[in-house]
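Only one chain is shown below, in structure tokens, and it's the form predicted alone.
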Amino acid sequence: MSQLDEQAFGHVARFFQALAEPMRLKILNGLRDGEKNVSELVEVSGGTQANVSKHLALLRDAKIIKRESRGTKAYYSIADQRIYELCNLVCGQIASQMSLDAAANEVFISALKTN
């Protein structure tokens, strides 16, 4: 990152902003096993069609997903599978932190019970 200029930092920030929304992460997770249309993404994400469409547009603008029209339907897929490497790294970090937090809570509760 030390070689990035101001414009590049802006692009990086916008990329991470696109990922900073639970519904968009649900959509990306729904696309892990292949392309889907809006109706299928509504089903896997639990959102409304309007909400999912809004998030799909944002993810597409960020070039995280791509869209292909076929007849009357549009199908969405991941533009670069490496996005899942990033997601797995972050999810692994969060899982580790949650595990540490849970262990600390258990120690704290045990200490309260013995006092």
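From a predicted model like this one, the values you see are computed outputs, not experimental measurements. Residue positions are given as counts along the sequence shown, with the first one as 1.
Only in words, not in the display: the form predicted in complex with the DNA, which the text now covers.
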**OP:** Decide whether N88 counts as a contact residue for the DNA in the predicted complex under a heavy atom distance cut-off of 4.5 Å.
**Re:** no
Original post:
Does the DNA get within 4.5 angstroms of any non-hydrogen atom of K66 in the predicted complex?
Top reply: no
Subject >> Contact of N51 with the DNA in the predicted complex (heavy atom, 4.5 Å) >> reply: yes
Original post:
Using heavy atoms and a 4.5 Å limit, would one call V44 a contact residue for the DNA in the predicted complex?
Top reply: no
Original post:
Thinking of R32, Q81 and Y84 as one candidate spot, does the DNA come within 4.5 Å of a heavy atom in every one of them in the predicted complex?
Top reply: no
